[in-house]
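Quick setup: one chain, the form predicted on its own, written in structure tokens, and binding and motion questions come after.
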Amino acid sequence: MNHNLPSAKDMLVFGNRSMASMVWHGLTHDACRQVAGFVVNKAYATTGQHEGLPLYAFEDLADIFPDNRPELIIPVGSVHINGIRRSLCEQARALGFSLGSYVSRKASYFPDTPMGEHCLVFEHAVIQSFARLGSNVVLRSGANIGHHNVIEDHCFIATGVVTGGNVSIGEQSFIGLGAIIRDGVTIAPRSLIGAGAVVLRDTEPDGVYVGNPARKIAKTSLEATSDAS
């Protein structure tokens, strides 16, 4: 038996870049969770360590942990309009790993706030009354989610976003830094709202919206996030 392997109470964080480091730091110093190591695709597992912890190859996890499987958390950004993060979560579940969450103790939300599996809610985020988060949602620092909002699965809400009441954000959408969404607006699935945009009307699926007031541009959200990090 290898006593150096993580226990079922430990967590593994996917990635070896800044987002993974932030989640590791929050889990360790805010949530008081034990992070046993990081995980990347095998092609990137060349250094052996990240933040002084072991770096495992995702493709080898089932063999490394055949029985005692720690929780995985996958803090990947908006690449392919959140499709990469969604796919990794689905692959992890297929391998038999459970997905953990990180909700900062410095976030503001009511105890009965519904949140799905694998949510990342960073410090000073605000979730108002009767709002609901789906699964695999990232809510970055200082975002303010209005009352009776519905955020569907696989969304990424960036720092400083403000939404009015009764806003609906469709699955796999990305809302950029400091964007504002007016009361009652519906953000269609896979929409990309640019940084600082002010959205006054419903959006269309796969659209990219920029400016004040927000206007749709020709590029699709998948095209706009094909090289995102």
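Model, not experiment: these values are computed from the prediction. Numbers for residues come from their place in the sequence shown, where the first is 1.
Separately, the form predicted together with a small molecule exists; it is not shown, and the next lines address it.
### Task
Report yes if all three of Tyr109, Gly146 and Arg182 come within 4.5 Å of the small molecule in the model of the complex by some heavy atom, otherwise no.
Judged in the model of the complex, none of Tyr109, Gly146 and Arg182 sits within 4.5 Å of the small molecule.
### Message
Among the candidate stretches 42 to 50, 170 to 178, 28 to 36, 56 to 64, which one is within 4.5 Å of the small molecule in the model of the complex when only heavy atoms are counted?
### Response
It is 170 to 178 that comes within 4.5 Å of the partner.
### Message
Residue-level question: is Ala125 within 4.5 Å of the small molecule in the model of the complex, judged on heavy atoms?
### Response
Flag for Ala125 set to no.
### Message
Is it the case that Tyr102, even though its partner is missing from this view, gets within 4.5 Å of the small molecule in the model of the complex, heavy atoms only?
### Response
Taking the distances in the model of the complex, the answer for Tyr102 is no, it never comes within 4.5 Å of the small molecule.
### Message
Please determine whether Ile73 contacts the small molecule in the model of the complex, using a 4.5 Å cut-off between heavy atoms.
### Response
Answer no; every heavy atom of Ile73 is more than 4.5 Å from the small molecule in the model of the complex.
### Distance check, Ala224 to the small molecule in the model of the complex, heavy atom within 4.5 Å
Judged by the heavy-atom cut-off of 4.5 Å, Ala224 is in contact with the small molecule in the model of the complex.
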